[in-house]
Each structure stands twice: as C-alpha cells, then as structure tokens.
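A single chain, nothing else alongside it, follows as structure tokens in the form predicted on its own.
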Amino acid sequence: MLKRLQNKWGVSTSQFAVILCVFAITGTSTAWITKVITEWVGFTDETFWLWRFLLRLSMLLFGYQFILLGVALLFGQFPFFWKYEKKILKRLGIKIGGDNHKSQIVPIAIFASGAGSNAQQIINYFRDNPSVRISLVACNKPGAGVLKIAEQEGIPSLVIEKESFFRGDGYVNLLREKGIQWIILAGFLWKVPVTLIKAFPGRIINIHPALLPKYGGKGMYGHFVHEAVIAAKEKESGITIHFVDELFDHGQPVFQAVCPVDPDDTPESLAKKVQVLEHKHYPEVIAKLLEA
C-alpha cells in the first residue's frame, strides 16, 4: 500500500519518508494546539457540545492546513504540500491567484520502438485535452513507423542512441529541458536504465501484452508472448499497465484487462485481441494517472 502511494505521488523513497514524517508531526501538533486553545478559551467537558465540536472542526479544516504547510516548509517539502493543498482548494471551488491554465499543462514523452499504433491512440486521445501536451516521441529504431507518426502530428522526435541511453545520462537532461513530467512506454523494447528511473520515480508507465506476473521478463515481447500463452494452453490473456522499475515487467501493476484465448487462436489472432484492449484502455489509464 505504501509503495503504491509513493508511486502515485511520484517521489523517491527518501522524500516519501520525509513526507510521512511531516504528516505525523502535523497531526500531533494539531492535536496539542487544539488542546491548548480549548483550555485557553475555558472550554470543559461541561461546555455545550456544539461549541467544542465547532472548535475542533475549525482546527481540522483550517488550522491543520496551516500547520501542515509550516511543518512542510521546515522539512523542505513546501512545494509538494502546496500542490497538495491547491488540489484540496480546487475541489472546494477556490482558485489560487496565479494558478493559470498554462501552469496546469502536463508535458509527457512517448517512448516506442515500432509502428506506433499505441502511440497514435495516445496522441488521438489527448489531442483536444488542454491539460496534457505530448512534447516528445522517442524511438530507438531509425526509420520506425512511430517517427513518421510524430512527423505527421508535428511532435518533436528523438532517435535514441544506445551508448548515450545506457552509459550516458539516459537523456535525462534533454527530457528535463523539455519539461517532461511523465514518460509513457508504448512498445518500447529496451530496458529503461536506472538513471532514467531515478530521475522520474513513479512517473514511467509501461504496457505489457499479457497478464503479469506471467509471461513477462527479458525476451517476452510481441509475438513471443502470445506464442508462450498459446503453448501453455491458457484460457485467457490480456494486458497489464504498470509502473516501471529496474527489472523487466516488474513494477507495481496499475491496471489489467482480460480477453479469452480460444482453442483455435493463433499468435496473430491473439495479438489482435490484445491490441484492442491496449488501444481502448491505455490512454484512459494514463489520463487517470496524470490527474491523480
């Protein structure tokens, strides 16, 4: 549960620990300050219950929030908690000055290796969404179909060089220059280097054409997955959308969808069933993660 929360917030393990400390200290401090105020105004157990309730409610709704930001400032976590507070205020219908439309745009990068059918679906899905901008399409294969899609859509593209990707900075500096906040893998066949994972903790998403943890790992992609599923006489297959970690197809699952495997299915026919699930669900799940 804690790991899932860390991935949702998109923070490193050390920052996650500090954030939990901020919440703990704020809760204790709020309780203590509430007790002090209660004694100062002269409230006792005999005081009308409504007045005591309103005091505690005010501390919970307002005092807690101010104390939280103060503690966060002391621990160097003010930017994270201010973002947290703005979400609460937004749900209450309160707009913060300077919180304009432009600042809400989330730039994402799509990494792909092949024809780019999933990339195209993602581009189509977010085409009219003012809050999401696909700022880059990256590919490790010169001449791949996904690069042509990027050109047609007017999206900047990058051909990834193996040496720079695995032994350099993993293109972290370039991605940061473009303001990328999320990386979406859409049929990207190279293992993501640790450098990139650490730079975008909980912000790299992948889709796998099987029901993980089955039929994942090195060499398990494309038709190899479907051949293995059919050879094992599985009754069902599907897709798994998951966060990316240091291992192949190992990160925290986010979503799964299932399709039947019929006795007369071939790797080609099963691939078509799975692709239908990919195109339907992947953009929707990405949108939910970006909004979280």
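Note that residue numbering begins at 1 and tracks the sequence as displayed. Keep in mind that this is a model prediction, so the values were computed, not measured.
There is another form of this protein, the form predicted together with glycinamide ribonucleotide, and it is not shown here; the text below is about that form.
Q. If we take heavy atoms and a 4.5 Å cut-off, which stretch out of 219 to 227, 37 to 45, 60 to 68, 259 to 267 is in contact with glycinamide ribonucleotide in the predicted complex?
A. It is the stretch 219 to 227.
Q) Which residue among Thr195, Asn140, Ser117, Asn129 has a heavy atom within 4.5 angstroms of glycinamide ribonucleotide in the predicted complex? A) So the residue touching glycinamide ribonucleotide in the predicted complex, by this definition, is Ser117.
Q: May I ask you to check whether Gly187 falls inside a 4.5 Å heavy atom distance of glycinamide ribonucleotide in the predicted complex?
A: It does: once glycinamide ribonucleotide is placed as it appears in the predicted complex, Gly187 has a heavy atom within 4.5 Å of it.
**Q.** Gln275 within 4.5 Å of glycinamide ribonucleotide in the predicted complex, heavy atoms
**A.** Judged by the heavy-atom cut-off of 4.5 Å, Gln275 is in contact with glycinamide ribonucleotide in the predicted complex.
**Q.** Contact flag, Arg203 vs glycinamide ribonucleotide in the predicted complex, heavy atom cut 4.5 Å
**A.** The answer is no: Arg203 has no heavy atom within 4.5 Å of glycinamide ribonucleotide.
Q. So in the predicted complex, does any heavy atom of Leu175 sit within 4.5 Å of glycinamide ribonucleotide?
A. So Leu175 does not count as contacting glycinamide ribonucleotide.
Q) Within 197 to 219, which residues have a heavy atom closer than or equal to 4.5 Å from glycinamide ribonucleotide in the predicted complex? A) Heavy-atom contacts within 4.5 Å come from Asn206, Ile207, His208, Pro209.
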